[in-house]
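Given next, in structure tokens, is a single chain: the form predicted on its own.
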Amino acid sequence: MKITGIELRRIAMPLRAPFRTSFGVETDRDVLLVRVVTPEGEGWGECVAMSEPRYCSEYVDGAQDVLRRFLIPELPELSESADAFAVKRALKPFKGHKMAKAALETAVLDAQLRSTNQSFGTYLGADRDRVPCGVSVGIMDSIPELLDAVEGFIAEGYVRIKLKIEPGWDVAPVRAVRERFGDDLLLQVDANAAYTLADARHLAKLDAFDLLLIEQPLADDDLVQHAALARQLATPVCLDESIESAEDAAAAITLGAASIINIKPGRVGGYLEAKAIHDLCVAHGVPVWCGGMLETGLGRAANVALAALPGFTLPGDTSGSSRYFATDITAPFELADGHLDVPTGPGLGVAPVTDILDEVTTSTEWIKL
């Protein structure tokens, strides 16, 4: 497949409500989209980097810069063989920048699959036509506000609730949600690396609430201390930010640092690596689920396809479009009986709605190859 040019497009997507985690508050998304153009058509990828380097070292301006200066210039060397695996190999010499690499690889893969009339789900190995959906609930100003939010999401049909936590906002809100909605509610928490091993005794208080898991309680670069914490908790430890590759996942499993893994394709460098992590975890009997990064319909389509693979046995953060955006740039993903349908069309199975995309676009950059 020959690539003739690439468009880097920035769009501004206001969130329906502020989303607060232990590392900051988001009120809108500055999203970088990558459009790969070939003689046969085009493909889209979404970069999930945030505006500031808080979740990880990447940020959206840096992602656009590294794509322009280093990653995209590698593609002409591929000549006619620019499939997703070739792109992954070409980008490997560049350290880091997983989210930028994932966006480019996804756009190439989308174009590749559209040209062969194959869906993302089929290509990755999905064995379901719909996936159960959870929702991530940010840190609130009060427990009554939190309970109202959770009640609304349950009413919408979400089958699992994830609460963001941080020191000072952990045991009390979790207890309140459990007491209000009962033991049958699938409930988990996400710390986004807000604690240290010195907090182990405090985090053990969460064991009383029969949680599915506690996600990324400690620093993202410390598997050893996560292993030590896991030995002190009854609640399963799940890793997110710590897992950037299949090698990281293997190390975490070997050390006992995680008994569950959250796979975010942008964080690990793309859907090919995400599939490799899935396969590794299946081989070791480790459950996985698909995390979210407030994606538009483009990124959501690929995530839903990934979440339909057999190893994804826990509901992911694959919420409907209306969870975050009043208007999505694709046809909206709508929850039905707590599930989202896996797109079946070629490639991602969705495409931007031109009028909406133009309305939210803040800049475009065309790079001819």
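Because the structure is predicted, anything quoted here is derived from the model rather than measured. A residue's number is simply how far along the shown sequence it sits, counting from 1.
Not pictured, yet referred to below: the form predicted together with a small molecule.
The candidate spot formed by Phe19, Ser136 and Asp317 is fully in contact with the small molecule in the model of the complex: every one of the three has a heavy atom within 4.5 Å. At a distance threshold of 4.5 angstroms between non-hydrogen atoms, Arg114 is out of contact with the small molecule in the model of the complex. The closest non-hydrogen atom of Lys88 lies beyond 4.5 Å of the small molecule in the model of the complex. At a distance threshold of 4.5 angstroms between non-hydrogen atoms, Pro132 is out of contact with the small molecule in the model of the complex. Not displayed here, the small molecule is approached by Tyr324 to within 4.5 Å at the level of heavy atoms in the model of the complex. Annotated contact segment (heavy atom within 4.5 Å of the small molecule in the model of the complex): 286-294, selected among 286-294, 225-233, 119-127, 171-179. Taking a 4.5 Å heavy atom cutoff to the small molecule in the model of the complex, the contact residue among Val342, Met50, Leu32, Leu309 is Met50.
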